[in-house]
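Before any questions on binding or motion, here is one chain by itself as structure tokens, the form predicted on its own.
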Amino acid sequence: MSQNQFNAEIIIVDDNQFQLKLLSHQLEMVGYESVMAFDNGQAALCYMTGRVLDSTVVILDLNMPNMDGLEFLQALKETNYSGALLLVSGEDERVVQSAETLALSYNLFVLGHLSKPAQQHQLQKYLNEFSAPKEALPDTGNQKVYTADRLRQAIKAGELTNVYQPKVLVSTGELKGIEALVRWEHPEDGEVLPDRFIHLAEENGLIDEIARQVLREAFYDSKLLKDLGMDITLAVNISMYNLNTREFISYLEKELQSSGLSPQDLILEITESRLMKDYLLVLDMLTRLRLRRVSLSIDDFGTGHSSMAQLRDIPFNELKIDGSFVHSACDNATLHGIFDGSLQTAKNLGIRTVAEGVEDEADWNFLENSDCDTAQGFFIGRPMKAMELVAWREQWTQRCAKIAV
């Protein structure tokens, strides 16, 4: 632990006097000199008013009289609290996890949560990871807002381009496919991610132009990779807005034919970000695509409108389990249960499974002990240009061999 961390101020908020004394003693034992203890939230907030709190850690009990922990979190949000937060509670694990999710939604820097009575080694573990929140949290307040005209100009100027994230077999680590992801290479702002402009495209009639450009480039790159000996599938994200007319199927067939890519090698990943205006038309379109041997994947399963109802009606043959249910599922019983349930649903329907959000070796080891078919995530490989996949595959093969030892 660095000297700067020892100099951090710790504020404990807990109505239990024994817990206050216990935590204060534990913190003093590991070298913290500035520890303030309060038995109610209002007193703590009064103390914090007007103080510089960047290097502060608030250790908060959730279940308190008068002002409970959730009210205290709301107050921290309203004061733009810039320090860190550690939750401590004797409540059910699910309740504490919900409180942590709420705190994160308030843009509070959450170190984690502990069960009562807090163990000193667990407390020290979280505090050892403490760093200033301004370094831990991305600054989203100054993000530029783009106009439809500027996006239209970007499409015409060829500023949108593809990157590809590898998908590998969980059983062997072998490269199975790639997912095409669009990026806006803005001449002044650098790389702009799709969550900054896809909704803008959908709302202003530009999503078809983007989809067609992504497909053309992806088909071309896929053919290049096949010529280099990579016999892999290609997944492309499609908006529900692309399925508003039957012209999409005609366009897709022409592009497949001209590129030489087999329909069996194409996977269209469908994310329903908004309610469909014409569900029957979409059902008709997706069924026609399956008849043409194009695979359909339900993306981000378990979030938004991606649901059992879609699995019931639409002939998906792949299910992508959202990364929020994969990362850290190895040590989170709730995530583990949701992951297992999603996996079993897919198995019962006889469709393939993909785990998204594999961020570290613990996630990978967790998947190896499951029946999941394929996986993708930053631990395996970040999105990259098509020709970078050649070097990545060699490096991943070497890494995979070491992990298996």
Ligand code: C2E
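Keep in mind the model is a prediction, meaning the values are calculated, not measured. Residue numbers here begin at 1 and follow the sequence given.
Although not depicted, the form predicted in complex with the ligand is the subject of the following passage.
This chain is displayed alone, yet in the model of the complex one of S222, S89, T271, S295 has a heavy atom within 4.5 Å of the ligand; that residue is T271. Contact with the ligand in the model of the complex, defined as a heavy atom within 4.5 Å, holds for exactly one of L175, V182, L266, L289, namely V182. Though the partner is left out of this view, D195 does reach within 4.5 Å of the ligand in the model of the complex, counting heavy atoms only.
Using a 4.5 angstroms limit between non-hydrogen atoms, F378 touches the ligand in the model of the complex. In the model of the complex, the ligand stays beyond 4.5 Å of every heavy atom belonging to E368. With a 4.5 Å cutoff on heavy atoms, A218 does not count as touching the ligand in the model of the complex; it lies far away. Segments offered: 370 to 378, 56 to 64, 337 to 345, 31 to 39. Contacting the ligand in the model of the complex at heavy atom distances within 4.5 Å is 370 to 378. Shown without its partner, the chain has V214, N237, I238, S239 in segment 210 to 244 as residues with a non-hydrogen atom within 4.5 angstroms of the ligand in the model of the complex.
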